[in-house]
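Take a look at this one chain, the form predicted on its own, written out in structure tokens.
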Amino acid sequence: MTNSVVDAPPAQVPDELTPGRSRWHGLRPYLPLVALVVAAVLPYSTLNLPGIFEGPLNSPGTLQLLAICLVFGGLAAGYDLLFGRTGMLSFGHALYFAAGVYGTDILVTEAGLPLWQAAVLTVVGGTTLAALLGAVALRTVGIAFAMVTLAFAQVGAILVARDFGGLTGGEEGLPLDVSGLPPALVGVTNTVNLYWLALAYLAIVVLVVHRVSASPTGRVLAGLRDDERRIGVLGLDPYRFKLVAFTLAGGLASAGGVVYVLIVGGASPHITSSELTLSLLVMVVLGGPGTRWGPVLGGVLYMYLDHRLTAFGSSEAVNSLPAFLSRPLSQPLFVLGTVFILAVYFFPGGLASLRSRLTPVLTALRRPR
């Protein structure tokens, strides 16, 4: 009987001992800074990307679209602090974003306050509102918590739609009085300043969420997501930590509302609907919950598709198709839903897991035969 000899697989060389990979890993901490610099100098580019944007990168329409995408990237990152990092499913996060939008608009347009005072009061008020409502909602858990937050959001939507106190403008919305704004934030030519403001908001949200997640509080929040009872056994109060996360996320959403109302020039009641919170949930899941950059990528991509698919649905290319194709393709939500289903099916971890899933495939393709 002959003994067959099986060759052992080749030993893997650690990444730190591979010169190319070592240099790559040494550069990775600087990639966010490089991305921030590239985004900051983007308005100086006259590059034209037909089919992707309607004009050059430095055109006012393109910069406004990018600014909105950046704001919602920050909103998704803030919402991920609740959903992805703490495990709390809230259906009322749009309420605090709407508080930032309407609060700034009312204080500037109706009360005549300077923008900086209105912004500070709005963020403080939105954070306080999140703390008060969170103190009540967090007495429940699971689906009951989601329903309580949804109920609070619906109350806010009803107050806005019925023009409570004659302040919100009802279903017509409330235009922003630009005469009370700094000149640098008014006019088409100053769209670039609003873009930079949105970029600054996104950078601050990512920094705050990252610092909180890396802190001892962040580790407790991760423990709450995995097993809340274990945190209680350790002698920590889960309620207090969840309230901190809820309040912080609400404050970040209110700050996003301040930036958003400056970009679009007014407030409209659609931002108070629960559909916005569901959109934030889709953004986080699309990008990858609990990751550093996944929610940001999901928020930016979702809002870009939401705006561009509207123009795509009314284009000649779609109208010329047969009715059974043109009708669904003319509906942006249908296309967005299809993209979301395919993304979740093929990439369950979201866009953030794309690299880890493609690495084995690329390695196999590079392997000599």
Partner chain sequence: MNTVVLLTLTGLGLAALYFLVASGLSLVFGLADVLNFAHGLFLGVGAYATWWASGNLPGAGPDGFGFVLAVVFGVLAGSFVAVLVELVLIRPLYSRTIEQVLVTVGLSLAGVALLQATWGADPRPFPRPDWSRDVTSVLGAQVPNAGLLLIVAAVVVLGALLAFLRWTRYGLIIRAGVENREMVTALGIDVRKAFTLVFAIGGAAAALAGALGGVYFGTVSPGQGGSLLIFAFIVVVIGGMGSVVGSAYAAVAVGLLQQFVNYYGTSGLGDLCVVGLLAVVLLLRPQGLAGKVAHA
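Just so it is clear, the model here is predicted, and its values are computed rather than measured. Positions refer to the first chain, counted from 1.
Separately, the form predicted in complex with its partner chain exists; it is not shown, and the next lines address it.
No residue of the trio P43, Y304 and T310 has any heavy atom within 4.5 Å of its partner chain in the predicted complex. In the predicted complex, its partner chain sits within 4.5 Å of a heavy atom belonging to T140.
The shortest heavy atom separation between F91 and its partner chain in the predicted complex is within 4.5 Å. Using a 4.5 angstroms threshold between heavy atoms, A203 stays clear of its partner chain in the predicted complex. Interface residue remark: L150 is counted as part of the site for its partner chain in the predicted complex, having a heavy atom within 4.5 Å.
This chain lacks the partner; the member of S274, T127, T109, T291 within 4.5 angstroms of its partner chain in the predicted complex by a non-hydrogen atom is S274. Only one of R219, R162, R230, H210 comes within 4.5 Å of its partner chain in the predicted complex through a heavy atom, and that residue is R162. Partner contact region in the predicted complex: 276-284, out of 249-257, 276-284, 110-118, 188-196, criterion any non-hydrogen atom within 4.5 Å of its partner chain. Contact annotation for 332-356: residues with any non-hydrogen atom within 4.5 angstroms of its partner chain in the predicted complex are L333, F334, G337, T338, F340, I341, V344, Y345, listed in sequence order.
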